[in-house]
Each structure stands twice: as structure tokens, then as C-alpha cells.
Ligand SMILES: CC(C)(COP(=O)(O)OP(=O)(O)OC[C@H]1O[C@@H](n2cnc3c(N)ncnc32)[C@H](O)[C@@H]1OP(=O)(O)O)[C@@H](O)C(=O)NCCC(=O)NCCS
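First, one chain by itself in C-alpha cells, the form predicted on its own.
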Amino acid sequence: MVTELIGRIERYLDVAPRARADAEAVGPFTLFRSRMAHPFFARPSAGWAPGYATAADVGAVCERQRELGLPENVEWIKEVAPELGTACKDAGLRVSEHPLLVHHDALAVPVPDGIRIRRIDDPDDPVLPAAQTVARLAYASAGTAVHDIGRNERNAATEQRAPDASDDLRQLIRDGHSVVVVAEDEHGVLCSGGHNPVGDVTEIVGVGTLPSARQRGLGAAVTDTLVADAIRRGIEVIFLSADTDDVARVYERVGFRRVGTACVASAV
């Protein structure tokens, strides 16, 4: 069922990528062609209705992605297009489902001892590359379990980044399209995340904790700071998608509730 809330999120997901990508219609899909280093995806176009797409339609948009040298990737909200998963599977894609959550309650979230939580206000802040590295290391080692990947790996990976690797994010911060928050100790960034406001809706994205620093409440504290920033901006709908149910439970402990399911289809 497409509720008014889901409808607002769906409209956001059609508008938000356009600050970073060119939109191209491919059958019943909108393919977002990124103008930045990070590739985007195809999504159902506005006006989606049951039975709107077939496996052949999915195949056509994937073929166009291959022509452009892009990964075969389709994303959607299950409540908006419940049948699309079957069409994607019939087209040979792998489909995964992820909890879709919306901020509901303001809860007190403590900041761990020895940690500073701050928003990066200066696009030229020198910690931005490390913040992006932490997120990459976190997502490369998915889940909530503590691992050995820590400060040394963060520093080495940050040093190996190209000098211009953070330019896209710096420009997004400068233009007001992205807000980045970090959690730091005396040795550097341990957790980072962002939100991307468009009108009165924003999505919290990329919250990741250095694997060796997990289970200390850093992700919760960063998320809470992002929520507070969004509220100060007058944002009415703050949403995110969690990788797993375990990760979703972390967000539920900081005031989010599940409202739907985000789906991703990609090449096997």
C-alpha cells in the first residue's frame, strides 16, 4: 500500500539524484546518469502502476546501463512496485530487500566518552577524506560485529586516495545538497554519515563505523546529530534504508520505525 508518507519518499527519490545526475527515460524506468564518480541506478518512473514493467523492460534498461559502462542496478520501494522484484528476477538479476525506516521519536542518545561529534561545515575540512574512507571500510565489512580493521587501515587507505577523490562531496556540501557528520577521538575519524536534504524531506545515507570501533554507540550518536540538523532545517520526513534487520534495530533504538521495504536488483 502506497501511503502518503511512502509517496513523499518516492517523490524525493525521483528528485534527489537530479542534483548529481542526468535523468534518461528508458521504457517505464528513469535511468540516472551520474555526473560524479559514484554511479547511480534506474528507478520506476513517476506514474508507476501494477504490471507496468516486464522482464523485457528490465532487460532493456540493463542493456542501456551496459552500453554506458554503468553497473546493472535497479532500485525501488516494494510498496510502490510490488511486482517489480519478479520482473527483475525473471531478467536474471539478484534482488535484495532492506528495511525502510522513518524518524518517529526524538530520543536521548548519549555521546561516548572521549568522542566529539561534529558537522563538517567547511567543504575543505581536511578530515573529509578520512570520513569517506571510514564509510568505505565499514561497508566493505558489513554488519555490526567488531573486527580488527581500525586506525592503521583507515590511515593507509586515506593516504592512498587520489587528491581529487573528495571533490564531488566537497561541492555537494558547498551547494547545500549534502550534510556530513563525523565522530572523532584524539586519533581521528571513527564514524561518519550524511543526509541529503531536498525540500522538506531528507535521506540519511552512508552511516558507517570503523569496524574496530563498533558497538560503542558511535553510529547512533552520528545519526542523532544528523536528525537534529535536519529538524533544525525544517525537514518533516527523515528516512533511511538499513542493510539488514540487525542494523535496522540499531536505528529503531534512536527513534526510527519501519514503514516499508527498499529493494535493490543487480547483476548476479
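Quick caveat: nothing in here was measured; it's all calculated off a predicted structure. Numbering starts at 1 and follows the sequence shown.
Beyond what is shown, the protein has a form predicted in complex with the ligand; the following relates to that form.
Shown alone, this chain has one stretch from 114 to 122, 75 to 83, 155 to 163, 142 to 150 that lies within 4.5 Å of the ligand in the predicted bound form by heavy atoms: 142 to 150.
Of the candidates A87, A130, V102, A138, A138 is the one whose heavy atoms come within 4.5 Å of the ligand in the predicted bound form; the others do not. When you look in the predicted bound form, the only residue of D243, D229, D57, D200 with a non-hydrogen atom within 4.5 Å of the ligand is D243. The closest heavy atom approach of R43 to the ligand in the predicted bound form falls outside 4.5 Å. In the predicted bound form, R64 stays away from the ligand, with no heavy atom inside 4.5 Å.
By the criterion of a heavy atom within 4.5 Å, V247 is counted among the residues contacting the ligand in the predicted bound form. For the chain shown alone, L31 is not a contact residue for the ligand in the predicted bound form, no non-hydrogen atom being within 4.5 angstroms.
Across the proposed site, V207, L218 and R253 without exception bring a heavy atom within 4.5 Å of the ligand in the predicted bound form.
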